[in-house]
Structures are given as C-alpha cells and as structure tokens.
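To begin, one chain is listed below as structure tokens, in the form predicted on its own.
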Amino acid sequence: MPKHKIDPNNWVKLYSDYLFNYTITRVSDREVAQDLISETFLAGLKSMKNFKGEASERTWLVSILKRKIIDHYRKINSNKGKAEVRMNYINDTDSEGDWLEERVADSNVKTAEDTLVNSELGGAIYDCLAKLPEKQADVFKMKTILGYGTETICNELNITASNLWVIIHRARTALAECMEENWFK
C-alpha cells in the first residue's frame, strides 16, 4: 500500500483536460492524443504502488504521459524504413477515375548505375573531407560516418558538446561548398 493516497477515480475529472491540452500541442492529432491519455491513465493505475508522493498526482501523470508521447514517436519513426505504398488517383477518359496502387521502389535494390554513382559520390565526399582541417574532418567522420555518440567524441577529443556541434556545423558547411564546386557542377 502506498504511503501517499492517490485517487484514480477522479483522474479523468481533474486531469483529463490538462493532459489533453498538453498532449495535443505535441502530437497534433486528436485521436492520438486521446489514446495517449488513456494509456497514461492505465499505466498510472498499474503503477500506483510506485507513487511516492514526491510530486503532485498531476505532475506524476504528466511524467508518465511524456514517456507515452516519446514511445509514440519512436514507434512512428521505426516504421519509416518499411515498404511504402502510394495511392494515386488516375482520372483519364478510359478508366473513368480509378485509384491506382503503386509500390515504391525498394531502396535496397541497387543497379550497376546506382553503385557507380554511389562510389563516385563517396569518392567526392572523401576528397572534400581531405580538404577540411584535421579536427573538423575527424569530428565529422566520427559523428556522421562512424556513428559515434556525442559523449564519446567529446571524451576522445577532449572538447565540449557545444564545441562539437560548432565543429560539425563548420565541417558540413565546408563540405557542402566543396561538393557544390566539385560534384554538382
């Protein structure tokens, strides 16, 4: 039994409007907002025993809701890599207006031309990287090509996070200019 008394019977009456206004500004979809609030109340019910009373009920519910919103966006973004199907409306005289389903080309299927273009592009990028100051090139490679985390790079190169982002910005700007001159002519 929790030390602090919470009353889930009043959550909808007391907090639903506040939670809805909080959520709708973050997801911009009424139904999704309502679903997230329902999930929040359910999660609150399941974890009532963990409520320590260090914050108000509303603050506790908002913290649960924040995690639900983050999970919502993670779920959306994890679906981006899946095959995409587009529906196009064809309005010509023969078909009298039909919906046509088109499968978008699979980005994993490479032609010989794609491979050639990619290797040429890669070569141009590495040529431009070679023209950067050494520290900019190292930071860019570590962050963008090797996928190192900010903390790892900062520790390795003994720089601050804000310095890292300045270096990344300068490297990207210089690379963009170099690519403009050497690749996109």
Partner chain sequence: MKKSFLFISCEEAKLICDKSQYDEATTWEIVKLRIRLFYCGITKTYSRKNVKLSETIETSKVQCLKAEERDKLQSTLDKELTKQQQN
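Quick caveat: nothing in here was measured; it's all calculated off a predicted structure. Numbering follows the first chain given and starts at 1.
This next part talks about the form predicted in complex with its partner chain, which is not shown.
Q: Sort through Ser56, Thr144, Thr152, Ser63 and report the residue having a heavy atom within 4.5 Å of its partner chain in the predicted complex.
A: Contact with its partner chain in the predicted complex is made by Thr144 alone.
Q: Consider Met179 of the chain shown here, and say whether it contacts its partner chain in the predicted complex, taking contact as heavy atoms within 4.5 Å.
A: Flag for Met179 set to yes.
Q: Heavy atom to heavy atom, is Lys52 within 4.5 Å of its partner chain in the predicted complex?
A: Residue-level check for Lys52: no, no contact with its partner chain.
Q: Can you check whether Leu132 is within 4.5 Å of its partner chain in the predicted complex, heavy atom basis?
A: Residue-level check for Leu132: no, no contact with its partner chain.
Q: With a cut-off of 4.5 Å between heavy atoms, is Ile125 one of the residues that contacts its partner chain in the predicted complex?
A: Judged by the heavy-atom cut-off of 4.5 Å, Ile125 is in contact with its partner chain in the predicted complex.
Q: Enumerate the residues of 20-39 that have a non-hydrogen atom within 4.5 Å of its partner chain in the predicted complex, in sequence order, or give none.
A: Heavy-atom contacts to its partner chain in the predicted complex: Phe20, Asn21, Ile24, Arg30, Gln34, Ile37, Ser38.
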